[in-house]
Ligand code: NAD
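Below, in structure tokens: the form predicted on its own, a single chain.
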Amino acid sequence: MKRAWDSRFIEEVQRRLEGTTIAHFIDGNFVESVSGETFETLDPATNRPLARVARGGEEDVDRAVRAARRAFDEGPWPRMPARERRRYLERVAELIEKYADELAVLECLDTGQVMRIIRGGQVPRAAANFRFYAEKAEAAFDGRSFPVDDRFLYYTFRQPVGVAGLITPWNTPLMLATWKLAPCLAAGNTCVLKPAEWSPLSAWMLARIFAEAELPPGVVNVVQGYGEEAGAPLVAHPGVQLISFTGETTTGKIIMRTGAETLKRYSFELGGKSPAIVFADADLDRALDGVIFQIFSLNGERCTANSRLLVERPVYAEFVERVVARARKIRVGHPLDPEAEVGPLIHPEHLTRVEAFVEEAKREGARVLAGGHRVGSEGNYYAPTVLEVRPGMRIEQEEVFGPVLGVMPFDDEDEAVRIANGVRYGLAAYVWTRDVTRAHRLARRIEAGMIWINSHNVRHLPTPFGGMKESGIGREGGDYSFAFYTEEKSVMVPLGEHPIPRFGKEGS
């Protein structure tokens, strides 16, 4: 697989990684693990080591939480005027843009996501997250007033909560870390970020950016390591009030059980098995583009991927034939090749998991229409795959998180809704039709937190992001994030001397 994106710059970035231990960032300093242990992070294109990473454990997490706790209880961050926090966040956005090329190369090398997606979308979105919440910082504490005639005035206001544990996944670690960090910091909280062990590099780079932006020590801390060794102690730590987690549903359930002992507040964005429903009256050319992009971009490792395609029977054969033809033409290549559309999956273990899903589906009777096999002998490349499936098959029910699309026909609107809702997830859905009333009707009937009509997933930061059923708890984005990252208080002030019951007074 060729690499063709500014090879000299790439080699320079790789040289800096060689011999470097990706350290924790605690209380404003880069530090090794207390144990001194490290682990390797692999290049998904070759499965050769990229760098060694500090292997965090309970003691490292405790150090980080204590630093965050001091920064919240004694430091300036939660007490400084919101406009000053705004300036820090704007500085972070500027630095993300300054180091955009280095961030993009690190993200591509570490995750296998292709450059056209990372440099063209994910890195700019990371900066945009900080700019958006910088502008929102002063509004984070807005409240409401409730006057009661001329007798009482009730009003509300918001305050930062405390220390947040932010646990991010491996698919788009830079963008999703900033998606959590920016509102958390804008609201005046401090935090400990625990990135996924399969993609630790962008969190390390963000820590360097926070250091250059001169955030007060302890406001942001980063602990690298495995979920069981670093993530679990973070969730269990009594010094942490908030847990924001993006990842698979099974892990979310474990986190909820672990944090129950200390009554953590949760924001969960979990698994998805999102349907794209294409009606015969849809603009089939646009639907084709939307469906293909939404399942095969980000290597299929996308929480909102339309991994199930439901097509109305009159156009089923024609539309599926076109999907298959396009899937076969998708350019699979090295993530740093500017022509590549799909890169390698994140890790050999994940490649094995995707392969196992497809093989099991074939045994259940699924028909392979495209792909269904590895590409090349090096790295974790898997061909864009289209399977004809039936409702109820495991591959139609469970999140594969790879470039695998299951297709099936439906006869009418009721059947489409029944199939769409027939899974335990409810994150996103995509409806393709020219019938406006039908589109709005389905938006109400489909069990999903987000529904796009005649579009792929086009995000708008002020809108709520999150799912129903086993796809999550709560909403992120815009002011919805502040509902999680702030504590709302209610205050009552009497405007005169109202009667107060007089218990215990003689003669009362």
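If you're wondering where the values come from, they're calculated on a predicted model, not measured in any experiment. One rule holds for the numbers: they count along the sequence shown, beginning at 1.
One more form of this protein, predicted together with the ligand, exists but is not displayed; see below.
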Answer with one of 433, 241, 171, 294: the residue that has a non-hydrogen atom within 4.5 Å of the ligand in the predicted complex. 171
The one residue among 232, 128, 82, 330 placing a heavy atom within 4.5 Å of the ligand in the predicted complex is 232
Contact label in the predicted complex: residue 399 to the ligand, heavy atom within 4.5 Å: yes
If you check in the predicted complex, is residue 94 within 4.5 Å of the ligand, heavy atoms only? no
Taking the ligand as it sits in the predicted complex, is residue 226 near enough to touch it, meaning that at least one heavy atom pair lies within 4.5 angstroms? yes
So in the predicted complex, does any heavy atom of residue 272 sit within 4.5 Å of the ligand? yes
So, 194, 248 and 251: all three within 4.5 Å of the ligand in the predicted complex by heavy atoms, or not? yes
Please identify, from 130 to 138, 381 to 389, 281 to 289, 264 to 272, the stretch that has a heavy atom within 4.5 Å of the ligand in the predicted complex. 264 to 272
Does any residue in 411 to 429 get within 4.5 Å of the ligand in the predicted complex, counting heavy atoms only, and if so which ones? 427
